[in-house]
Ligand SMILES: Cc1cc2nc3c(=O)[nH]c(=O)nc-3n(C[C@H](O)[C@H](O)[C@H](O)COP(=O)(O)OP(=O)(O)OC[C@H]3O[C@@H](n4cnc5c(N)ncnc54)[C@H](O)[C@@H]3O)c2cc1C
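Heads up, the chain below is alone and in the form predicted alone; it's given as structure tokens.
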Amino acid sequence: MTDCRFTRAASLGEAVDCLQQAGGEAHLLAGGIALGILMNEKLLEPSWLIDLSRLEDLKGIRLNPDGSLRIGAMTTHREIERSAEIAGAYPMLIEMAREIACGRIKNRGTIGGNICLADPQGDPPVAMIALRATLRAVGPSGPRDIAATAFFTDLYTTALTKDELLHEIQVPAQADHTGAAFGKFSARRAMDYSSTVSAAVRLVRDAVSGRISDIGIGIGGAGLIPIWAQATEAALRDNRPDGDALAAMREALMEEIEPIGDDLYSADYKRHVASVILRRTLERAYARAAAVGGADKP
């Protein structure tokens, strides 16, 4: 790598100014996990690196009085995994964080960096789609809120403009009788990254009928982007997860996902795995939603 400018931003405003000056040629340094790999493999040669490590505005976890959750983009996976606030209100995110790679990556990698990488096999994007999170970006014109369901636009591409960065993740408060779960398949756990398939489910279970009155589903490792499974949600909404509804769910899912085969598994096998993982994750979320007050215990 030659002629790379390096800036350690002292403020959020300075980071945005640098992005604006760079005209799309800068790369942000958060945890540096994926960026370091790409640079080592000579797949990326940045002309300007902007280090965000000193920006306290991008860090931290806060549970708000209304029950909603704020996670700074520079919060590490390990901080999420160990957060008492998240464990009490959004334990599905604890499940998600536990599934991320290995200890070294958890300690260094950030949730914002993972989301902005927009890897189709990333875990946080799938969870944020299911939870209907809002991703707050900041740029020259100020803050801009983007729904997680609209954030991932193409392979490794997001709705952020070239002079915006992700500031924080906002997760809405969960209704009573809400259950959520995260499920993942990989043959060799953390080191089998290329063949992982994951599902995140958040649902509201009617206390009287047992029907699913609201649902969010995210699927990972089954297409070019983290998938918002809208048709699959529709197949389950206003139904109980019994035989007919599960059959309709599987049929809808098969239409929505487009997994890519690799040296371990064919695309057809990944389709089957996705349907199994989704069913198991749905069943756990549904059982958790039965608890009084919607307690969601992993």
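Because the structure is predicted, anything quoted here is derived from the model rather than measured. The numbering used is simple: start at 1 and walk along the sequence shown.
Another form, the form predicted together with the named molecule, is not on view; read the next lines as being about it.
Novice: If contact means any heavy atom within 4.5 Å, which of 229-237, 24-32, 267-275, 245-253 contacts the named molecule in the model of the complex?
Specialist: Comparing against the named molecule in the model of the complex, the contact stretch is 24-32.
Novice: Please tell me whether the candidate spot formed by Thr110, Cys116 and Gly122 is one where all three residues come within 4.5 Å of the named molecule in the model of the complex (heavy atoms).
Specialist: Per the other structure, all of Thr110, Cys116 and Gly122 touch the named molecule.
Novice: Hey, in the model of the complex, does Ile260 get a heavy atom within 4.5 angstroms of the named molecule?
Specialist: Ile260: no, not in contact with the named molecule in the model of the complex.
Novice: Might Arg202 be said to contact the named molecule in the model of the complex, defining contact as any heavy atom within 4.5 Å?
Specialist: No, no contact at 4.5 Å.
Novice: Mark Ala222 yes when one of its heavy atoms lies within 4.5 Å of a heavy atom of the named molecule in the model of the complex, and no otherwise.
Specialist: No, Ala222 is distant from the partner.
Novice: Would Leu165 sit within 4.5 Å of the named molecule in the model of the complex, counting heavy atoms only?
Specialist: Yes, Leu165 sits close enough to the named molecule in the model of the complex that at least one of its heavy atoms falls within 4.5 Å.
Novice: Answer with one of Ala101, Ile94, Ala89, Ala159: the residue that has a non-hydrogen atom within 4.5 Å of the named molecule in the model of the complex.
Specialist: In short, Ala101.
Novice: For the stretch 45-68, which residues lie within 4.5 Å of the named molecule in the model of the complex by non-hydrogen atom distance?
Specialist: Heavy-atom contacts to the named molecule in the model of the complex: Leu52, Leu58.
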